[in-house]
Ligand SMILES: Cc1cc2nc3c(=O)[nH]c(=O)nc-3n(C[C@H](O)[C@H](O)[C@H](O)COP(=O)(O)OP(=O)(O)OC[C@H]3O[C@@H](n4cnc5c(N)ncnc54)[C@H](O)[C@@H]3O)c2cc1C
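What follows is a single chain, given as structure tokens, in the form predicted on its own.
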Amino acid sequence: MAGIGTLEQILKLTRAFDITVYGAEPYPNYNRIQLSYVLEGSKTVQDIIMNDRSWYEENGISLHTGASITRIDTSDKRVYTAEGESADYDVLILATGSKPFVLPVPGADKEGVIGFRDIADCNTMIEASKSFKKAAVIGGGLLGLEAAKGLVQLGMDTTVVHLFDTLMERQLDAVSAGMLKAELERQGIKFAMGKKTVALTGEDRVTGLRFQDGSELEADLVVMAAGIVPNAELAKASGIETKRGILVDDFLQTSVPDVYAVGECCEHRGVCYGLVAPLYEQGTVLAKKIAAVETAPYTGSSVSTKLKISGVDVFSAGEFAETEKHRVLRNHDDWKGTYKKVLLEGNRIVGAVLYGDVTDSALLARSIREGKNMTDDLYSELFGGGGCCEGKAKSTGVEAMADEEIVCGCNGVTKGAIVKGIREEGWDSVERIKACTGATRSCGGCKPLVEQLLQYTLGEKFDGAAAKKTGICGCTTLGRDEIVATIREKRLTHVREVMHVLGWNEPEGCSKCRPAINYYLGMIWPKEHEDEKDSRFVNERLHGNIQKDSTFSVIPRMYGGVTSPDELRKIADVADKYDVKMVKVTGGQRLDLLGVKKEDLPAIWADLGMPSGYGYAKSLRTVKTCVGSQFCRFGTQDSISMGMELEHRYERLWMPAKFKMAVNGCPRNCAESGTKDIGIVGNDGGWEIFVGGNGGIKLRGADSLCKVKTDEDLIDICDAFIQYYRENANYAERTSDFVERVGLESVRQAVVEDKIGRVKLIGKLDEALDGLRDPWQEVVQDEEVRLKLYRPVTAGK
């Protein structure tokens, strides 16, 4: 987050640099604050990626994921990867982040003991939850509590083990910590407080924890969340000065010329920060330094913390534990679940804790930072007794915030940036501010403050309802249904036309709304609409799935998972001719050619002569089949023939999201119909059709929609369901979410019971299917497209 945040700032100031990014993980930059959402299943990995691969491509950045830098030659200004590749640099930014602190206790290296720092850790926990029941999280800080929340959501019996008697002892006092603990217990988390772990038990895999008092706790999974340490090994090994972190000056310069460090990996004036806001403050200074724009030095960050923990807003700043030197102002409301404490030294405000309601956080943070004295007016602002009762409106405190003060700590957005956008760009809603700045995009804890800034800046023009209304993205407050209705009513036919007529805030739209509008137009006007390539994601634009090393995968269509010796020979010849790095059998019964250079794609498609398998698109991916009655002694229906017929029928049809099908010849379900968008199971009397299954991160068993007796009825129901889904789902909404949102009975009424409506749906599907062509062969036959989209690209250029 710190490194790419700095690049975003640099790109706003200059385009003078050729930029190359190396990341050890196989993903573009993502929001680590939201890892707990991935863990609990409410968000996918894609949801928390902050800049997808198309952003890097559009900004001319060469991105290398899964590529660890292992050595820096600061004399020759060159970096080396673990794979033996190297690259020159003029300026180098180290943003290596931090690592989880692993307790040095016996058994810490056992299987089932992990940290909680990245997506791989999330995946490990998700997999463990499928096989094991008991989890322990060591650490009662923010990270540990979020990990515990996710594990509970996964169905694990989870206990937080904490060395101290209160949670978050570095931010909260005993009262607020107690309120938080009670709320988390209500959510299902157990606690073992005041416990010092001295060993992890078990043979190869962990089976439990042993504490200093001799007691033990059973656990099949142990998550170490007892803190973080700066990841400074690479810098240290390369001769760059380090202590706890990489030493930097007030302009983030390390001990080596032209090498900078930013974020959790660095140590500035003896402090290593583990919160997000300081990272963005550092990045702002560093970007200006590199872009040769005058800037004030970085002198450190405020220690105030505003967080949302398991849905609870918490704020802490300055001193929070009272002593004899403090005067304590306190308001504790058990009914509302709120707590407010302000500490004074004499009359000076030196610290505060808020729980449940953090409306006054900005006011308190500024008062503490500026060393303000408590006054009668300020007391009334914070604790009542004045305000409206005395004819004065309660202040939100935003008017007194400095322009450079951070509003969104997760994304480093200042008050000045938001106010400027409201005044000069006409931002009039939280969603629009979110789209333009990123504020509220992460934990959402700053949303009340952003609303207050809107109200304060717009004054009488402020429309509370409009400000809170959410659209399909920040470019508009209109939802999917409003957009689709207007397209039909006004017969709009182009993406730009839709955005113009509907008053889009951003004339060019964004990567979220442009593909959605393009899909809606194609769905509504299948004959008239001309597909707009520049409104598609890079994978659909190039008809290949871009990989972490910027190569592509090629998956030719194999109907029903059936192939032939001739097709296999073609694939083998292509793999040899183009030096394909790997040929992989997919879970969808196809062959995936991995590691293909972009410029080789058209030639490979020409040599294969096979249709696209759409393994990159929001379209039908596969129709998986079992052997069925053709060969299997248990088969009651010809699943292979039916699967091939369905795949031939629906291939190339654009959907709201990727779409998978499976056909089984008997209820043994070898083709796994229960986790497909449409799953079909043969029986002695015909077929049973299931819908809304998902085998991904958000696992969902498909619902039985109906039973049919003939192949013709089966195809009719599939036709109707697919068209109903195409017409009514939100863009990017999988059938698993769609069926849950609209309800299975609504689907059944429209697709099965309403026979007249079903005929109409089938008719519209036939219209959409008419005239679809294979995209690979279109590219092969179009030289202009080949030159425009598939020209060789040199890394870093």
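Keep in mind it's a predicted model, so treat the numbers as computed, not measured. If you superpose the two forms and keep the largest set of C-alpha atoms that fall within 1.5 Å, you have the rigid core. Numbers follow the displayed sequence, beginning with 1.
Although it is not shown, the form predicted in complex with the ligand is what the next lines describe.
Participant: Does any heavy atom of Phe659 come within 4.5 Å of a heavy atom of the ligand in the model of the complex?
Facilitator: Residue-level check for Phe659: no, no contact with the ligand.
Participant: Contact with the ligand in the model of the complex for Asp719, defined as at least one heavy atom pair within 4.5 Å: yes or no?
Facilitator: Answer no; every heavy atom of Asp719 is more than 4.5 Å from the ligand in the model of the complex.
Participant: Looking at the partner-bound form in the model of the complex, is Leu63 within 4.5 Å of the ligand by any heavy atom?
Facilitator: It does not: once the ligand is placed as it appears in the model of the complex, Leu63 has no heavy atom within 4.5 Å of it.
Participant: State yes or no: in the model of the complex, is some non-hydrogen atom of Val276 no more than 4.5 angstroms from a non-hydrogen atom of the ligand?
Facilitator: Within the cut-off, so yes.
Participant: Using a 4.5 Å heavy atom cut-off, which residue among Ala67, Met50, Val747, Ile762 comes into contact with the ligand in the model of the complex?
Facilitator: Of the listed residues, the single hit is Ala67.
Participant: Give me the residue from Val780, Leu789, Ala24, Ile19 that has a heavy atom within 4.5 Å of the ligand in the model of the complex.
Facilitator: The residue in contact is Ala24.
Participant: Spot the stretch among 112-120, 609-617, 589-597, 372-380 with residues whose non-hydrogen atoms come within 4.5 Å of the ligand in the model of the complex.
Facilitator: Contact-bearing stretch, as computed: 112-120.
Participant: Heavy atom within 4.5 Å of the ligand in the model of the complex: which residues of 34-54 qualify?
Facilitator: Stretch hits, in order: Leu35, Ser36.
Participant: On a rigid core superposition, would Gly522 pass a 2 Å threshold for CA movement between this form and the one not shown?
Facilitator: For Gly522, whose C-alpha is compared between this form and the one not shown after core superposition, the shift is less than 2 Å.
Participant: Once you overlay the rigid core, does the Cα of Tyr37 travel 2 Å or further between this form and the one not shown?
Facilitator: It does shift by 2 Å or more.
Participant: Can we say the CA of Ile433 moves by at least 2 Å between this form and the one not shown when the core is superposed?
Facilitator: Superposed on the core, Ile433 moves its C-alpha less than 2 Å between this form and the one not shown.
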